[in-house]
Ligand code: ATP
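First, one chain by itself in structure tokens, the form predicted alone.
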Amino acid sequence: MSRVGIYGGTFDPIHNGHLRVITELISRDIVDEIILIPAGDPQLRSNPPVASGLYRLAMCEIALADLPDQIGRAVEVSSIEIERIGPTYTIDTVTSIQKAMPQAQLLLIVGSDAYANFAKWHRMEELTKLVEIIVINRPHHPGGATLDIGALDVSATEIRSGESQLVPPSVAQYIKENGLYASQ
């Protein structure tokens, strides 16, 4: 049975911290593959993503090209949530993936910061019956962490404020070329 990690987030933009999670989970043989899913209309964020879904999707695809081949081949970027009309709920995404991959063991990858709000997630009890949850310990967001991978202390907010060295060079170039964040 293939172990498929579902790694969702706003990825506004995807950064080196996200890529570290991907690399560690695959390198440590915790998952066989990862589906990277930029959020459509995330319900628990106080502000909507700055970049459009299509830009965030493109940045995810660009970032994967910077990973070593053995890692990059194990990651797929999905537009499932960006294409969904209306609110984006993880339970709906997981149910769709489960239908498409009925033989896979699904593992939901979340940072300890997101997991702190897990009780507020839509149909959370049902979700826990469908997936194993891997909580990644993030610096400055302790609690509930089940896996310490030496996560990088990176935040997308910092990047949007001009810290372009926190993203792969190809993503920094894409941000600049498309004028995605005012300070870039």
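Just count from 1 along the sequence shown to find any residue number. Because the structure is a prediction, the values reported are computed rather than measured.
The next section is about a form of this same protein that is not shown, the form predicted in complex with the ligand.
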Heavy atom of residue 81 within 4.5 Å of the ligand in the predicted complex: no
Does any part of residue 155 reach within 4.5 Å of the ligand in the predicted complex? Heavy atoms only, please. yes
> Any of the heavy atoms of residue 23 lying within 4.5 Å of the ligand in the predicted complex?
Replying inline: no
### Task
Classify residue 106 as contacting or not contacting the ligand in the predicted complex by the rule of any non-hydrogen atom within 4.5 angstroms, answering yes or no.
no
The listed residue (114, 77, 94, 71) that reaches within 4.5 Å of the ligand in the predicted complex by any heavy atom is 114
Of the residues spanning 69-84, the ones with some heavy atom within 4.5 Å of the ligand in the predicted complex are none
The CA atoms of residue 168 and residue 163 move 3 Å or more in the predicted complex, ending up farther
Distance flag for residue 65 and residue 163 (Cα, change 3 Å or more) in the predicted complex: the two residues are farther
